[in-house]
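Starting off, we have a lone chain in the form predicted alone, written out as structure tokens.
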């Protein structure tokens, strides 16, 4: 048994939910869903010198994120795991626990990649709703939905794209990227890369941040702020005293790949990439991550024969 909602009723359902949730439609967003739980910039606590009190931002309102595709749902599942280990990130989870994720897709899929509800288009006028969690069940019990005897997602056929196929064997990919440290491709990419950090900002699984303290002109209040950072930026690896562990673009760009495909595999057993294509689509230098990985894998396999 599954639930069906008419396409024209989805707006009405979301309108009804606005009474309880802040509803955000992500379908036209360049930035991934991580921005709502790990914002580009946020004050994490404030210290008042006069009262000697330390306070942190409090997030009370519940949020419903609507329109996530299958890649973004998978990325959020992985990001939740990252933000839970080795210690839960308090500021991430105080927002994440009050949220509901609703996916929207025209594709068939096997095991659900994540989220609380997934709407799958079954014809030009209707969507089938797959309820995945208790959170999802609580908000889908409404007159906008009707029961249907058709089994959910029964027409699934696993059709992997070329990028997805590369990610299937995370172990080989990790070995290949680690091996490639002396490969000529990094010199070639260093000439193209602008060190702008866009690939990191649009990636649903990049989560590095920097922390800075700001003091009011009257010296009465100090605010600690954390904001997105990127390992491709010139000062990311600079430490006190001025030493920079990754001075060159070549070192920084390789480090970005190393983290996503080598370190991530060793820590979590898979690459921190879901083949969403954002980094390729928005890179001003036109760097194609799939082509880079394909070349590395091809040369690695030749050497290892």
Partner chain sequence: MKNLYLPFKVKIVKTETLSHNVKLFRLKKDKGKFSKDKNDLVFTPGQFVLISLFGYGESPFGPASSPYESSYIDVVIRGVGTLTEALHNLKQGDEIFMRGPYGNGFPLKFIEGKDMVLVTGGCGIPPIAALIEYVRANRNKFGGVYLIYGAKTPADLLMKDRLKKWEKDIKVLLTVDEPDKEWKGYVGMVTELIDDIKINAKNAVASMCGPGPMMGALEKILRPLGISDRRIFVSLERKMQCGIGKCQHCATGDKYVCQDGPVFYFDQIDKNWD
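Residue numbers count along the first chain shown, from 1. The model shown is predicted, which means the values in this text are computed figures rather than measured ones.
The form predicted in complex with the partner chain is left out here; the points below concern that form.
Q: Would you mind picking the one in 172, 167, 208, 198 that has a heavy atom within 4.5 Å of the partner chain in the model of the complex?
A: If I apply the 4.5 Å criterion carefully, the residue I get is 208.
**Q.** Residue contact check: residue 121 to the partner chain in the model of the complex, 4.5 Å heavy atom
**A.** Outside the cut-off, so no.
Q | Exercise: residue 109 in contact with the partner chain in the model of the complex, heavy atom 4.5 Å | A | Output for residue 109 is no: heavy atoms all beyond 4.5 Å of the partner chain.
(Q) So, residue 266 and the partner chain: in the model of the complex, are they within 4.5 Å at any heavy atom pair? (A) So residue 266 counts as contacting the partner chain.
Q: May I ask you to check whether residue 93 falls inside a 4.5 Å heavy atom distance of the partner chain in the model of the complex?
A: Yes.
Q. Would you say all of 75, 162 and 278 touch the partner chain in the model of the complex, counting a heavy atom within 4.5 Å as a touch?
A. No, because 75, 162 and 278 lack any heavy atom that approaches the partner chain to within 4.5 Å in the model of the complex.
Q. Which one of these stretches, 184-192, 83-91, 136-144, 122-130, sits within 4.5 Å of the partner chain in the model of the complex when only heavy atoms are counted?
A. Answer to the contact question: 83-91.
Q: Check each residue of 217-241 against the partner chain in the model of the complex and list those with a heavy atom within 4.5 Å, in sequence order.
A: Contacting residues: 222, 224, 226, 229, 236, 238, 239, 240, 241.
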